[in-house]
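Only one chain is shown below, in structure tokens, and it's the form predicted alone.
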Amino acid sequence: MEQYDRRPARQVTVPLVRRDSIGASHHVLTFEYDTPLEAQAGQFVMVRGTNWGQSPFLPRPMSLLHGGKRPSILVKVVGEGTRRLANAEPGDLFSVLAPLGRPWSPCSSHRVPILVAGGVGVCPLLFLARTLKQQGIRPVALYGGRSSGDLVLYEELQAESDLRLATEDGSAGVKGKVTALLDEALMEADGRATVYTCGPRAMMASVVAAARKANVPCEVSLETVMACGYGVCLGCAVPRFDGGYVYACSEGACIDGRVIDWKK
């Protein structure tokens, strides 16, 4: 895997300046930094409200939508920590450790980047699409969910890519799983694709298998429970296909999908 410019993570206390709700379950939180957060597409933060007390005790890992002086994250309410994030108000203070993790590997100019997103997995891929566009590369993006309500930020992704949608109930795009769009996109790329994917684990396993069959590289963004974000607690272990484990926070989040044992 290519080397990247590892910037040291900083622990800072920053205010929330904006919370944008997307339906009842999804929210974009934007923070204000004194100096820009120098993050790359695919990196993440560990975030915790300073007023949370003892519950929940641990910070929450969240992928970045972008860095800069006003970095943002996408939150889906699934438990107590994300509920508290979703209920935050401008002016609330948060402890943020960032940037963390390995970003997406660069896509060379002679390759066709194909981004495959499922649900909130769109977050690091939208950051990547924006980065590629700045480099003069317009990616192909495939975005899927159970229904149209799961396709949050699809308009933002559409502005940065050639976007194709799929929903399991047929409420947006083609009816079916997003992986049904991948074979056609790989054929169009004619062996020149580089695939990047983030979403549910079963979806990513299918994407890796399709990329392997097409003999093209495929990176995944690992999403798993973690406590520290930088390789000390060892709580984010993911099985390797050749034995042992990959630690999602330090060896990922973005990593060659072929090294993962998806059956486990």
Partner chain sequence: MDLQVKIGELSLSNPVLTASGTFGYGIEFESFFDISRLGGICTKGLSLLPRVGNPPPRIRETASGMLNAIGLANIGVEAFCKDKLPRLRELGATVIPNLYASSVEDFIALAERLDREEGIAAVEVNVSCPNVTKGGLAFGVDPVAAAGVTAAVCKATRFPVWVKLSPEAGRITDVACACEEAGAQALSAINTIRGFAIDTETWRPLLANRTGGLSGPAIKPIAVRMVWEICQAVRIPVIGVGGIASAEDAIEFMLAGASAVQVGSANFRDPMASMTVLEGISAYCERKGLAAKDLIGKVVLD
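Bear in mind that the values here come from a model prediction, so they are computed numbers and not experimental data. Numbering follows the first chain given and starts at 1.
If you look for the form predicted together with the partner chain, you will not find it shown, but the lines that follow are about it.
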Quick one: does Tyr245 come within 4.5 Å of the partner chain in the model of the complex, counting heavy atoms only? yes
Check whether Val14 has any heavy atom within 4.5 Å of a heavy atom of the partner chain in the model of the complex, and answer yes or no. no
Indicate whether the partner chain has at least one heavy atom within 4.5 Å of a heavy atom of Ala214 in the model of the complex. no
Quick check on Val232: any heavy atom within 4.5 Å of the partner chain in the model of the complex? yes
Can you say which of 29-37, 232-240, 63-71, 205-213 gets within 4.5 Å of the partner chain in the model of the complex, counting heavy atoms only? 232-240
In the model of the complex, does every one of Gly23, Ala86 and Gly170 come within 4.5 Å of the partner chain, counting any heavy atom? no
Any residue of 29-60 with a heavy atom within 4.5 Å of the partner chain in the model of the complex counts; write them all down in order. Arg48, Gly53, Gln54, Ser55, Pro56, Phe57, Leu58, Pro59, Arg60
